[in-house]
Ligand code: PMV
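Single chain ahead, by itself, as structure tokens, in the form predicted on its own.
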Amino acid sequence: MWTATAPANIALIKYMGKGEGNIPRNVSLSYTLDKFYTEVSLTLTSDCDKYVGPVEPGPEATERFINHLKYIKKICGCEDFFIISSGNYRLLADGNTASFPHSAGIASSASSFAALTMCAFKAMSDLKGMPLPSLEQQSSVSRVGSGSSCRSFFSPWCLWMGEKTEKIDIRIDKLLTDLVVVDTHPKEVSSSRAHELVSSSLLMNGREKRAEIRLERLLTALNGNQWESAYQICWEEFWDMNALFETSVPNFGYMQPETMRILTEIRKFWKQNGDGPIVTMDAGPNVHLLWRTDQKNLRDLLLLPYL
């Protein structure tokens, strides 16, 4: 049996829209969420590739997972069959773990496809006597299965431009992260479908340039300890993403009333304290908070009374 784990990641500069091979239409920047990860195991079997859980992602997602394994097998010239086991976990403050849901906007697709890619290449390396590909090569292969999974190979910051994904050094290299969960049910519109639909939005005009400008501004802010500027840029960026959803044809959205309540409380907190977390969202209703390591007391002040 072979086992591998990979973390989730959250993009601060989002990629919106993609081409063949999941090549993004614009640059993106992500932070690795080490507390959220997927563990994948592969076991040899005699008849066919199959998925056995314990996560139950549904027929379409399961087929994507198995097809990605077949894609890697084809690259490596492997004719063996495998049983795939996969679970999503979050690390708790006491050191224990608990599961976290799939298809709910918590980047489980990124961590699961990255873990499957890592695990498959471990198995291929042993079975075929081939050297392990570099992280860059594994990332490129993983991207074909799930675009955002290519960012889960590099920590803590990852820059993704076209076919190239790489670790990027940023002055603020350690953040405290929180996820405020609004809804754990699977999304009605998958992230893959969302990338297709946003192409119909008139707001896609200029999207590539907006992302480039925000990336440059965000790197300047993070490297210059301009935290409030970083907060403002990331706020603009996730609203840009949601505006694309809402102006697609047909339109769709992930925001829920509780999402809006949380965002309103966080904005109020910033105004009252002159400081607070960077806020962002994935394609879902849940809210990600990123804090500097010196903000622990401020973090407790926000999370305990409000959320």
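Since the structure is predicted, the reported quantities are computational estimates derived from the model, not experimental observations. Residue numbers run from 1 along the displayed sequence.
Omitted from view is the form predicted in complex with this ligand, to which the following refers.
Residue S191 is the only one of Q137, S191, S201, Q226 with a heavy atom lying within 4.5 Å of this ligand in the model of the complex. For the candidate set I266, V40, M241, A61, a heavy atom within 4.5 Å of this ligand in the model of the complex is found for exactly one residue, namely M241. In plain terms, the part of the chain that comes close to this ligand in the model of the complex, with a heavy atom within 4.5 Å, is 278-286 out of 47-55, 278-286, 31-39, 258-266. For the three marked residues, H68, A123 and S125, no heavy atom of any sits within 4.5 Å of this ligand in the model of the complex. None of the heavy atoms of S152 is located within 4.5 Å of this ligand in the model of the complex.
This ligand is not shown here, but in the model of the complex it comes within 4.5 Å of a heavy atom of S109. Contact annotation: R214 falls outside 4.5 Å of this ligand in the model of the complex, judged by heavy atom distances.
Although the partner is absent from this view, H195 contacts this ligand in the model of the complex, with a non-hydrogen atom inside 4.5 angstroms. Annotation for 135-149: interface residues with this ligand in the model of the complex are S146, G147, S148 [heavy atom within 4.5 Å].
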